[in-house]
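As a starting point, one isolated chain is supplied in structure tokens, in the form predicted alone.
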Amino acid sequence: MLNMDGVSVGYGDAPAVLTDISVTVRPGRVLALTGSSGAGKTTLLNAMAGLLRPRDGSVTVDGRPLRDRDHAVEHRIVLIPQDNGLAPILTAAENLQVALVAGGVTPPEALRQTAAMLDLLGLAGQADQLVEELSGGQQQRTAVARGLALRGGVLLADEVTS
């Protein structure tokens, strides 16, 4: 379980952009965060993913303080950024395989999981296409496939419907 309690975050010396935020993300549940452009949704997700340290309050995973992004990865918190975070010079399949192998999956198993995830998201026919050749929607689905393949305990998706 990922929990934020009384969190305030900001950038540099500027005033906090979010203050006193509390949210709990429970296993097996979907939580949608909505708001107008510039409301702080991405900032909140970055704090939940360990990319931004709170000025006040706490972010915990299973009751233990979240230290940073590496710690979040150890606890299987996967962030799909708004820009999808894919390497445009790799194929859709290679983007998944690289992430899986980096996470300790054997190359043969990474190939199997990649094929399964791309098929699940209707991208089997695009597996060998460079990401830069895919449509925006196909790129976003590739990023989702990568997040699912990484077996995130918490999958945070910024602008996932784009």
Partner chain sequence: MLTVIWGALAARRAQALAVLLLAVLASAAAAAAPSYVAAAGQALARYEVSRATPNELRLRLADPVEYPGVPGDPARTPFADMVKKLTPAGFEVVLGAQSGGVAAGRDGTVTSSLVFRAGVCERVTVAGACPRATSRGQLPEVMVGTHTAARLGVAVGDQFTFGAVPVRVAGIYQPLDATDPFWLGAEYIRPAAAGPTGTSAVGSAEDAIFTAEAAPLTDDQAILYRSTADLYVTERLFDTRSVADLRAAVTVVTRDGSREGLGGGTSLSSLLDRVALQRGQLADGVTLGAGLLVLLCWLVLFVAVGSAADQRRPEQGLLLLRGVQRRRLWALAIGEHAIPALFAIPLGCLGGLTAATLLAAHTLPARADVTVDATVIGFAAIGALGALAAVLLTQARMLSAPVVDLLRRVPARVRGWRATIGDVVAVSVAVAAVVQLRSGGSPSGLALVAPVAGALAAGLLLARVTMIAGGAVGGALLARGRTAGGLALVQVARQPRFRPLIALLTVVVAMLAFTVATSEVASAAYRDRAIVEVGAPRVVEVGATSRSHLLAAVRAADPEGRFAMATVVTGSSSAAGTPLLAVDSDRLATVARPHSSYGMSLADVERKIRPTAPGAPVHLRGRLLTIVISASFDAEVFGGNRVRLAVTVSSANGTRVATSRQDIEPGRKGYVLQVPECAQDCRLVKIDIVAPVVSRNLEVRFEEMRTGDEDGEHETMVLTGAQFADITRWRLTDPDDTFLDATSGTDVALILTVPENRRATPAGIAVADAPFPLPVYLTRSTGTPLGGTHPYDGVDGTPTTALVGGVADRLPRLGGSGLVVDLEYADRLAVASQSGKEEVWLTGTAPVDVLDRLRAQGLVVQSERTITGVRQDFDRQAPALALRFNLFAALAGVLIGAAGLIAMAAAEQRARVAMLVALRRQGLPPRAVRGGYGLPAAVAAVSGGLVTVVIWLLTRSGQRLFSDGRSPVPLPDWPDVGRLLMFTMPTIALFALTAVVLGRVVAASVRRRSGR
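Please read all numbers here as calculations on a predicted model, not as lab measurements. Numbering follows the first chain given and starts at 1.
The next section is about a form of this same protein that is not shown, the form predicted in complex with its partner chain.
Not displayed here, its partner chain is kept clear of D56 by more than 4.5 Å at the level of heavy atoms in the predicted complex.
In the predicted complex, P107 approaches its partner chain with a heavy atom inside 4.5 Å.
Although the partner is absent here, A102 is a contact residue: one of its heavy atoms lies within 4.5 angstroms of its partner chain in the predicted complex. With a 4.5 Å cutoff on heavy atoms, T114 does not count as touching its partner chain in the predicted complex; it lies far away. Contact with its partner chain in the predicted complex, judged as any non-hydrogen atom within 4.5 angstroms, is confined among 24 to 32, 94 to 102, 56 to 64, 115 to 123 to 94 to 102.
Contact residues in stretch 32 to 63 (any heavy atom within 4.5 Å of its partner chain, taken in the predicted complex) are limited to L51.
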